[in-house]
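We begin with a single chain expressed as structure tokens, specifically the form predicted on its own.
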Amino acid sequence: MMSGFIGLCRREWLEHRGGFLWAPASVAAVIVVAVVLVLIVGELDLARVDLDLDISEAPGSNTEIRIDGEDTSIRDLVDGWLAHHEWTDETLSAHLATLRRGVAEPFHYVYFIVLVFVLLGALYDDRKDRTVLFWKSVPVTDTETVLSKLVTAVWLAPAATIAMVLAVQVFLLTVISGLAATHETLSIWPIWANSGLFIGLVELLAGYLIQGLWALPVTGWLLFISAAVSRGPFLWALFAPAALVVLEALVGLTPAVRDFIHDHLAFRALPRARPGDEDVLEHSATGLGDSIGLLVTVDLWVGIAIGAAFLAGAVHLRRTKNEI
């Protein structure tokens, strides 16, 4: 039974590895190329321009670098900032944590987009091309089939994203180390000692694990729609909840449905670079403790119950509705 389930998960990975693997790889390539281009050709024409860089470490503490010149490069600006900054382990760790989490954010969004389309097509495409008839001849249950699609997309596929995030973080730390190597005020060792790569990896692993539980109402809904509709699964997945939100507003009810959807669409378990700056980040995790803390919230377990109901519906439809 377990070997059959593993085989189903392997099949899902091979079928969708273009999205699961190459999408985050493309994001990583874009970031690397952008950084390299900035370092090579990022010349700024600052003729007759005063450039003020505020490098204060605390409110009320201001230190400025003023650069007057004609051809100052990005490298010169970074070198000047490094040379005048008072680096402590605490400050360095905070800056690198912000960088580390900021690098991961575009990967989160790309993964979510891939996830939506993979789950919407997971059961719909099997019915559309009639491969569902083949898979029903295989000695696996409909429950195993549906769960394999969920587990692969929600908990196994993020491994590729995490690997790409880690690769980009190491690349950026290498670049920073190279820039810092020419300055006595900042050696290479403190950068790597305070990089937080290990805790960052643990944050991502735990974050995606818990995020999968937090977002279960969304992923369960996508699989239910994939199993239920005969055409336009994306439109059904989008407009059916939107209609409930509009109806809720028209009859004057409290926005419970709207708030529930908004909360469970958010990356609540994934640490963000600037939590609290915007409404969408208001409840975002600021570290591993916040992610783990979601496990004891009522909202998470209510969401799991609702997601489980959608999954049960998807399994039932998989068993009874096999054609489009």
Partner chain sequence: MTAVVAQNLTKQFGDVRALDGFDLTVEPGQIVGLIGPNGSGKTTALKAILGLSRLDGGELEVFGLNPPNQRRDLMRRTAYIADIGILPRWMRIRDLLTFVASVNPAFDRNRAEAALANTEIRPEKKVGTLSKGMTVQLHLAIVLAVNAELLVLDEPTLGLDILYRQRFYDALLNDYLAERRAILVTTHEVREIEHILTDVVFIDRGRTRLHLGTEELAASFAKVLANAERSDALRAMNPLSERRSLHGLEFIFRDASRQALADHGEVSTPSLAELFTAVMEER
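Positions refer to the first chain, counted from 1. All values derive from a computational prediction rather than experimental measurement.
There is also a form predicted together with its partner chain; it is not shown, and the following applies to it.
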Only one of L166, A180, A160, V140 comes within 4.5 Å of its partner chain in the predicted bound form by heavy atoms, so just point that one out. V140
If you check F234, Y109, W192, W135 against its partner chain in the predicted bound form, which one has a heavy atom within 4.5 Å? W135
Candidate spot T98, T174 and E203, all three touching its partner chain in the predicted bound form (heavy atom, 4.5 Å): no
Any non-hydrogen atom of S230 within 4.5 angstroms of its partner chain in the predicted bound form: no
Residue-level question: is E105 within 4.5 Å of its partner chain in the predicted bound form, judged on heavy atoms? no
Give a yes/no on whether D129 approaches its partner chain to within 4.5 Å in the predicted bound form, heavy atoms considered. yes
Look up in the predicted bound form whether A312 has a non-hydrogen atom within 4.5 angstroms of its partner chain, and give yes or no. no
Among 88-96, 237-245, 141-149, 211-219, the region lying within 4.5 Å of its partner chain in the predicted bound form by heavy atom distance: 141-149
Only counting heavy atoms and a 4.5 Å limit, does any residue of 14-33 reach its partner chain in the predicted bound form, and if so which ones? L14, E15
